[in-house]
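Single chain ahead, written as structure tokens, the form predicted on its own.
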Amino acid sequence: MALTDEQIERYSRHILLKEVGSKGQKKLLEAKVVIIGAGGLGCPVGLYLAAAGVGTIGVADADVVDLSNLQRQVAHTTADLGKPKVESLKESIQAINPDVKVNTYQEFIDSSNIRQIIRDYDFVIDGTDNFAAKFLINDACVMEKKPFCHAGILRFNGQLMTYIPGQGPCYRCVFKEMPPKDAIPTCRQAGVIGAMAGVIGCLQAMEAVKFITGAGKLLVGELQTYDGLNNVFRKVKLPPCNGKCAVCGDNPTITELVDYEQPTCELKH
């Protein structure tokens, strides 16, 4: 495909980068990324992927915009209160870049639909805020051989890692089992500084862009953490795959998806 004059102008700062160039920009225009969760993490991811020219963006979320979301979910506005988040994010994405195709899935993501949804995409973004959803996304991506970027935020802290099939540990390799119920508070219970969603969400968008273009080094086998109060980034080396993981190991014991709780994906980030 040849870039149009308008695309050359729109993406000129990408094209100037030797790591991206016109070849990388064409890859972005042809790429498909699905965001599970149109909240604090999903909003900046969606906006920056749209600005980058990712050709097709999927957005999955069953929730509607409420007033408490607006402190961190920057794609939604006061005028969007009561509107489905997938529609609000779609409108914001297309306001930035009307050439982006947006597929919306206004439904809870569970074992019955996740594999079918992610199957058509090149990269998956985990923008959820509960462990049931995160384990479900991980297991589905392993089974469908889909790369994805996990992230989580709470209070003044955030973390993320990227899984590429066959290249590093999955989420379950690191966090083997669901924690006991209520062992770890949610953002609703413990709070979260709004800008943390922007910091970590933008890093997730960067992982997607790097994966698509082939530029740089991904967070495969590493957990990136950020302490916002003390402005400290740390990178933790994760244990390598040893073939014993219950889902991505040599002899997996998890071969079907499980819904750990209902709803599996209450997307409140």
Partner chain sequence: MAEIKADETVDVTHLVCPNTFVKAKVVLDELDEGQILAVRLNDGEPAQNVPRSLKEEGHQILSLDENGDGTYTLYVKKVGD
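The shown structure was predicted, so the numbers you read here are calculated from the model rather than taken from an experiment. Residue numbers count along the first chain shown, from 1.
What follows is about the form predicted together with the partner chain, which we do not show.
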Exactly one listed stretch (44-52, 206-214, 23-31, 219-227) reaches within 4.5 angstroms of the partner chain in the predicted complex by non-hydrogen atoms, and it is 23-31
Does any part of T253 reach within 4.5 Å of the partner chain in the predicted complex? Heavy atoms only, please. no
How about V258 - does it come within 4.5 Å of the partner chain in the predicted complex, if we only consider non-hydrogen atoms? no
Taking the shortest heavy atom distance, is I15 within 4.5 Å of the partner chain in the predicted complex? yes
